[in-house]
Ligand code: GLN
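One chain is shown next in structure tokens, namely the form predicted on its own.
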Amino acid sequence: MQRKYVVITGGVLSGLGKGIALASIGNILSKDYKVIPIKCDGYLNVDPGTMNPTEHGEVFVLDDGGEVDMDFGHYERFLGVNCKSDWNLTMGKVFREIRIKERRGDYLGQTVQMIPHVSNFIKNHFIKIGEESKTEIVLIEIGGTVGDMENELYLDAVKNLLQVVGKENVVYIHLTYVPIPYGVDEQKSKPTQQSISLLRQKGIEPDIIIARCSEMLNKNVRNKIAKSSSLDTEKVITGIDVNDVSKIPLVFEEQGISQLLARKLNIPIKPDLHTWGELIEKRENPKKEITIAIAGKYTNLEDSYASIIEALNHCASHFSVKINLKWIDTSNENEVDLTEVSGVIVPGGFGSRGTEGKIKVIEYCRENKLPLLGICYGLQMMVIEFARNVCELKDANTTEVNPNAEHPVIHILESQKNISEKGGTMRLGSYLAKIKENTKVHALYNSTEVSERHRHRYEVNQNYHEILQENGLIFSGMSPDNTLVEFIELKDHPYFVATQAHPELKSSLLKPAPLFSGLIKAAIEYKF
């Protein structure tokens, strides 16, 4: 069949969930077709790798080492695909490529302009990605909202895509917002109508409207929105607020979105959401309840740990357990309280703030046999705590925090020592680890080789490998050349496990990350 394109734009407010909406549509389509996503961001950064998580949310890392927008987490989890960094366009990337092409003489002396040159580059990139991936359906998310200066060129590109591939091969979906103002108790369609009008001014006629609202749209509001967009009422769908984003494919399908897409794109679609729905049902009707603490320094914005939260949700479905989260800001050591907690996660991070609080949490977990999972920086903090309190290396630290530490049990990777640029220069992407048999990690993965994604500059110092192991720290996973510590654990502990990798990035509803499954199993046993 001829390749199809599904484009989603947003209006009224940012952060309405375009990525989740498009991932949900991709979930429905992926049962019948090969589907890949493309995300277009307006910022001038080449990628989000240098941004603070509290400003932009979690940085999602791909197998190929690309640092991309956190929406790619939803794409991979919902579509079951391994995305590529080329599938994330930023204006920083676009302008960099345009400058390279201009310097190379590709424009043959022309005056290079935003339109048509930049717009055409973006449009051609969409087509190129579809061809290279040999996909049947390309999903395109335009970041931001209609009216933003940053996404004007993306909108022009998707508008012109229609002329190249034909109107029967493109569907435009517009996600908007229908508020219910406090004290009025009435759904207001005017912001959506104005957003649709602005989109049409850009030359794009929406085929489907998804209106985000805290309740299902009433008939009157649906009619108003349909009339303002010259659509049949059935093409106006409610993007109702839910307590679990995994429910969105079910919500959309209940309103008939698959058949709307089938008719517009002239293709058969027979979605199968049975297993997906069953797993959500298990989470909705839990048999047990536990509390997991997340001890970090970005706890004021949960998006900083989006993939960790999702990995826990996946485990909640498979174990049919309600997982309550307790956020612990380790910047304040005096407020660390682990009572009523059945398990702890020390997540990734950078810098010195909150490190001593994390070490205090780790010490408590080790001494009190409280299940603990360390991720990336968490592994490094666990090594430091063990070195200080078990190996009696009192000044043990990471050179990231104390460059002059007497015992630098964590130090910078050799490959990172002479790097001056920050962006895209860490140890990034998927790396293989050799797993030691008869360990917890080996039992969880059921393999002697494991590939997980990484994002770090520091490692366990080889000069301290011997003393750490002599005192009982098990290196349950190493790099193939036996130089880098990838997994650690303790033998006489219900669950004291850590990895230098980020296993949460590959977790999905259908296949939870093994180390998270291990933590939740141990936490249930700890409580019950």
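In case it trips you up, residue 1 is the first one in the sequence shown, and so on. These numbers come from a predicted model, not from an experiment.
Below, we turn to the form predicted in complex with the ligand, even though it does not appear here.
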{"query": "Contact residue in the predicted bound form, chosen from Gly73, Pro249, Gly349, Gly144 - any heavy atom within 4.5 Å of the ligand", "finding": "Gly349"}
{"query": "In the predicted bound form, the one of Lys188, Lys326, Lys282, Arg457 near the ligand [non-hydrogen atom within 4.5 angstroms]", "finding": "Arg457"}
{"query": "Region of this chain that lies against the ligand in the predicted bound form, out of 101-109, 432-440, 194-202, 341-349 [heavy atom, 4.5 Å]", "finding": "341-349"}
{"query": "Full three-residue contact with the ligand in the predicted bound form, heavy atom 4.5 Å, for Cys376, Glu400 and His502", "finding": "yes"}
{"query": "4.5 Å heavy atom contact, Thr176 to the ligand in the predicted bound form", "finding": "no"}
